[in-house]
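This document starts with one chain, in the form predicted alone, laid out as structure tokens.
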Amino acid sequence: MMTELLTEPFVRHILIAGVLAALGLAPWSVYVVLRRIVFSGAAVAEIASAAVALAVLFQLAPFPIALAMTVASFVALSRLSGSGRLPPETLVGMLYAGGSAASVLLIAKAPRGEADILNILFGNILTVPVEMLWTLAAVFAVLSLLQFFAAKEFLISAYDPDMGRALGIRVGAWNMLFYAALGVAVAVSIRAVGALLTFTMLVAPGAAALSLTQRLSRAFALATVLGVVSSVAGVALSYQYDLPTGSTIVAVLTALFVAALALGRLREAGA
């Protein structure tokens, strides 16, 4: 089956897009789970969808607007969630509700844009162009380097900001950089593979990895492996059984998460 996948140009592009999304998002999913900002991804995905609807309404290029709105939303969450005035889940919930409402209202005013909105909401991995594959590779390469060299600052800023300040780390600036980088990753991935697969890839690999190990170094590596395996398996299954590719990858990710959670519980019970 793998030989057929690699020899078919159409399927090969889908496979590359899925693997790139996994390599780019799975390591960030560990941070997302540990920082407890899982639903922020879903909320910002709605904002990105509303941005695309707005662009369609005014006949503008959707991707730059979605990118700007996604990054701005993540940065706003990082600033507002640290204010202490409201619980973070309140802000996330209102962002999700506002984004959803804006999407519906804008679609109502731009009925010809429904196909574009559906691509964003449910995924367009089947139609990802070669140019977008290069964009994915370039953006995720830069973000991976950032994550590697700023790992200490990202972790300390998230879990022990007082120590970070004592060490001279500008906690607020590093948190904003983290959210801005995450926003770029989400915006580019949504444009390539859709909101559903992006959100799942931003949660499931990290959650599964942290269910299996408590060592962060192993968790990052394991999350990446699980993300790549899920993408390849999902593309292969969708090709074999004529299933929607994005949803199949999501189903595989969900199954791996359930298996990892069960295995982790069994280990705890046997300890």
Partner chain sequence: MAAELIRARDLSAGYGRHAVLRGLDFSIRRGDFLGVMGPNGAGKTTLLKTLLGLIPPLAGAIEAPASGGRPLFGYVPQRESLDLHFPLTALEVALMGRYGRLGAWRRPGARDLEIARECLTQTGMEAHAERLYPRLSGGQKQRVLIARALASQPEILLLDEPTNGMDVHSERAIMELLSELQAKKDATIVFVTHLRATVEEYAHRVALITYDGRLLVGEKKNMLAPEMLASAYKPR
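Please read all numbers here as calculations on a predicted model, not as lab measurements. Numbering follows the first chain given and starts at 1.
Heads up, the form predicted together with the partner chain isn't pictured, but that's what we're talking about next.
J.: In the model of the complex, which of the stretches 97 to 105, 191 to 199, 70 to 78, 150 to 158 has residues with heavy atoms within 4.5 Å of the partner chain?
T.: Single hit among the candidates: 150 to 158.
J.: Just to confirm, with a 4.5 Å cut-off on non-hydrogen atoms, which of Leu177, Leu126, Val139, Met132 contacts the partner chain in the model of the complex?
T.: Answer to the contact question: Leu177.
J.: Asp162 versus the partner chain, in the model of the complex: is there a non-hydrogen atom within 4.5 Å?
T.: Asp162 belongs to the contact set for the partner chain.
J.: If we define contact as a non-hydrogen atom of the residue within 4.5 angstroms of the partner, is Val228 a contact of the partner chain in the model of the complex?
T.: Taking the distances in the model of the complex, the answer for Val228 is no, it never comes within 4.5 Å of the partner chain.
J.: May I ask you to check whether Gln214 falls inside a 4.5 Å heavy atom distance of the partner chain in the model of the complex?
T.: Close contact exists here: in the model of the complex, Gln214 approaches the partner chain to within 4.5 Å, heavy atoms only.
J.: Would Leu237 sit within 4.5 Å of the partner chain in the model of the complex, counting heavy atoms only?
T.: Close contact is absent here: in the model of the complex, Leu237 is far from the partner chain, nothing within 4.5 Å, heavy atoms only.
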